[in-house]
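As a starting point, one isolated chain is supplied in C-alpha cells, in the form predicted alone.
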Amino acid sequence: MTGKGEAAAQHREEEEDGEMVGVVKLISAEGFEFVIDKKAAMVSNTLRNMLTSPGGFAESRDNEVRFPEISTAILEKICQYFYWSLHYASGKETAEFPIEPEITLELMMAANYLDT
C-alpha cells in the first residue's frame, strides 16, 4: 500500500505519447470521492485549467478537486458524461446521453460551471 505522497507522485506524469495519464480525484459536496482518468477529466475545460495551470495550485499538485456546490448524484452523472464524451468523440458512432428529467437543471448548472 502506498502513502498519499507516493500515490500522488505516481500520477504526476503530465503526458505520455501526447495523452494525459494518471488519475484525478473529484470530491462532491457530501465528501464522496470519484477517481477518474485524467484524460476523462480533461473533457471539462475548467478541470483542464485547474489541473494544468502553472503556479503550483493545490488541484494540479494533488490531482484532487473539491466541489462544495455539486452533489454526489450530479458529480456521478458528470463523471459518466466525461467517459461517454471520450467514447463518442470520434463521431464514428453516436448515442444519446441519458439524463433523468428531475436532475436536468442541477446538471446543467454544474456542466456550465465545468465548461463541458
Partner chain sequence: MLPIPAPATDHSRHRSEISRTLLTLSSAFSDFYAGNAEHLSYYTLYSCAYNVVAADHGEVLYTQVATNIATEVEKLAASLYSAASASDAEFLRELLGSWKKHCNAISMINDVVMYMDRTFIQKRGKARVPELGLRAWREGMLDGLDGEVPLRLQAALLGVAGRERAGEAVDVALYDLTASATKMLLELGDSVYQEFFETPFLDETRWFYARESARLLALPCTCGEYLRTVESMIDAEMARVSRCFDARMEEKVVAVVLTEMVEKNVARLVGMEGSGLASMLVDGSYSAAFRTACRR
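Positions refer to the first chain, counted from 1. Source: prediction; values computed, not measured.
Another form exists, predicted in complex with the partner chain; not displayed. Remarks below refer to it.
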Have a look at N63, T72, T46, Q80 for me and say which one sits with a heavy atom within 4.5 Å of the partner chain in the predicted complex. T46
Residue contact check: Y88 to the partner chain in the predicted complex, 4.5 Å heavy atom: no
Is there any non-hydrogen atom of I36 lying within 4.5 Å of the partner chain in the predicted complex? no
Since only the chain is shown here, I'm wondering whether E59 would be in contact with the partner chain in the predicted complex (any heavy atom pair within 4.5 Å). yes
Under a 4.5 Å heavy atom criterion, is P68 part of the interface with the partner chain in the predicted complex? yes
Stretch 75 to 91 - residues with a heavy atom within 4.5 Å of the partner chain in the predicted complex: none
